[in-house]
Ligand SMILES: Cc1cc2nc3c(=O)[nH]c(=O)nc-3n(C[C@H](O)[C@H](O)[C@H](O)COP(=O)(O)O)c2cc1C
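Below you'll find only one chain, the form predicted alone, shown as structure tokens.
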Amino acid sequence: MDAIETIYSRKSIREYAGGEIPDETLRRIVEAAARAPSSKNSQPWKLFLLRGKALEALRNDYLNGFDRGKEPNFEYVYNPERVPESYKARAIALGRAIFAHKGIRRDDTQKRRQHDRENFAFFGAPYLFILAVEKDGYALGTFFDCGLFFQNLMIAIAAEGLGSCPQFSAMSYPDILHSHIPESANLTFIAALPFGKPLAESNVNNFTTEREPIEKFFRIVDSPPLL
């Protein structure tokens, strides 16, 4: 696929088939992600791959935490304190759409909780990337650079015929992450990316999010302002 086709084909995958990904494919994905630009070529990102027994151990600890009602303790603030109404409206619309797609009623608290729990199982994915940055070396610009890297990572995964699902929810338990990732005390975890081969017969994998028409956010400025 060319770049634009790959971007259009990418969507969040929430059910995965088994099967190993060859190491050379994993290396190709990470090397492509590393072509992301960054301020003064700082390349601030740190990336960890968990698979096999290491991933299963992390998944079990996350699910145990969720099932015990462990409170999230994020290492950084993702959203502004006052979320703009337009953001909030789109978030509500997304929640309603995916619940409708999965056949989950508004009053079905058990299925809604199971939906939330899937996040803490990393959707059963066989592979998991964790993106991080040094604690004493990040600011808004650094997060911007890491976002460029993360987008490259997702597009490279899609280009290999695989699927992924970006997660901030997986940052709920940084203490668990630090305990599973060696020598990470000096890092702030930014996001997780479960990935693997999409399950072909999955209903939830057919769910796609809508995008605003470009007229809502795009303007062409081709003349100077009148004084």
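Not measured: the values here are computed from a predicted model. The first residue of the shown sequence is 1; numbering continues from there.
Unshown form predicted in complex with this ligand; subsequent notes refer to it.
Taking the partner from elsewhere, K216 is found to have every heavy atom lying beyond 4.5 Å of this ligand in the model of the complex. Proximity of Q167 to this ligand in the model of the complex falls within the 4.5 Å heavy atom cutoff. Under a 4.5 angstroms non-hydrogen atom cutoff, this ligand in the model of the complex has L94 among its neighbouring residues. For the chain shown alone, T142 is not a contact residue for this ligand in the model of the complex, no non-hydrogen atom being within 4.5 angstroms. Partner proximity in the model of the complex, defined as non-hydrogen atoms within 4.5 angstroms of this ligand, places exactly one of 25-33, 62-70, 159-167, 44-52 at the interface: 159-167. No residues of 44-72 lie near this ligand in the model of the complex, the criterion being any heavy atom within 4.5 Å.
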